[in-house]
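Starting off, we have a lone chain in the form predicted on its own, written out as structure tokens.
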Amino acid sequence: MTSPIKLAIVGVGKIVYDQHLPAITANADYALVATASRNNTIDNVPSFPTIEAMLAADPSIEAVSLCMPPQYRYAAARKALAAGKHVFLEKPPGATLSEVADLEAYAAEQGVSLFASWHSRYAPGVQPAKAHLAVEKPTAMHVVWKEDVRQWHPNQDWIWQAGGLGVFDPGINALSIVTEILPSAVFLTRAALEFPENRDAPIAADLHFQDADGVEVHAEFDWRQTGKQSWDIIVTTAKGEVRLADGGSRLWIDGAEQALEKEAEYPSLYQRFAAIIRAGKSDVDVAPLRHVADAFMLGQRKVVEAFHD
């Protein structure tokens, strides 16, 4: 029997408590042996103030999940890779494409696995939608990804700072699904980004894409949504419509709701991470982050009223 992978977590916060810890605890492929975080700990797991202290104290660690804000992920990833550890990158995998490219090359040099995780791709409706669209060619797509930042990211200043992505922090989840289910690549043609006058990252984005055949994709991201939160993707085909709702957890094909597996996004991520470690491979797809970078390059910037939590 293969022994569990000795795993450590760096950056213990809400997403770790809500998603990572339950997924790791339920997976026999892992033994959680350490954490490194400035402010938080996990009961009965050795904790350290920094990744350097953690790696020095426990050389037996085999893999590290990095769950801090993207602006700080590159430095931590380099340290972990340099120590010969496999690395799991929370989404987005970095603040820039160049960082992630360097980490991928460095992981290969070190002979360890690097995983750029996109949890929304593992929503239960995504693969059935992808399979249908591989047969029924899309003619258009409309993405509506609108939520209340006060509800999901209260008092998280890093998300409004340069590199924190702003509304693209949730919006990149939509882009991860778009790039997974479409049978052909799309590229940005125009974009409009709204920046609060007191913030360095956008609060809303309106994006237009198309593929080489002229199929158009329109995406609307907004962090000012009140009431019902919207995480919907509607794809028109020559014969009907494919609709993913609630972030991919529900699926309708031509008006008929489909029976889906139980939601297991983070358990699936950790299953994938274990699989690539065992296979000696990496999984680093930056397509969603590339679209965000294109939006910042091509997007028209509009300053809107100040935003306060």
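Remember, it's a predicted structure, so these values are computed and weren't measured experimentally. A residue's number is simply how far along the shown sequence it sits, counting from 1.
What follows is about the form predicted in complex with a further copy of the same chain, which we do not show.
**Student:** Using a 4.5 Å heavy atom cut-off, which of 114 to 122, 130 to 138, 227 to 235, 91 to 99 contacts a further copy of the same chain in the predicted complex?
**Tutor:** Careful reading of the contacts points to 91 to 99.
**Student:** I'd like to know if L289 sits close to a further copy of the same chain in the predicted complex, meaning any non-hydrogen atom pair within 4.5 angstroms.
**Tutor:** The answer is yes: L289 has a heavy atom within 4.5 Å of a further copy of the same chain.
**Student:** Answer with yes or no whether D200 is in contact with a further copy of the same chain in the predicted complex, where contact means some heavy atom within 4.5 Å.
**Tutor:** Heavy-atom contact with a further copy of the same chain at 4.5 Å: present for D200.
**Student:** Since only the chain is shown here, I'm wondering whether W158 would be in contact with a further copy of the same chain in the predicted complex (any heavy atom pair within 4.5 Å).
**Tutor:** Although a further copy of the same chain is absent here, W158 would stay clear of it in the predicted complex, with no heavy atoms inside 4.5 Å.
**Student:** Residue-level contact is defined here as any heavy atom of the residue lying within 4.5 Å of a further copy of the same chain in the predicted complex; does Y72 satisfy this criterion?
**Tutor:** No, Y72 is distant from the partner.
**Student:** a further copy of the same chain isn't shown here, but in the predicted complex which of A204, V149, A83, V186 has a heavy atom within 4.5 Å of it?
**Tutor:** Contact with a further copy of the same chain in the predicted complex is made by V186 alone.
**Student:** For the stretch 274 to 303, I need every residue with any heavy atom inside 4.5 Å of a further copy of the same chain in the predicted complex, listed N to C.
**Tutor:** In sequence order, L289, R290, H291, V292, A293, D294, F296, M297, L298, G299, Q300, R301 come within 4.5 Å of the partner.
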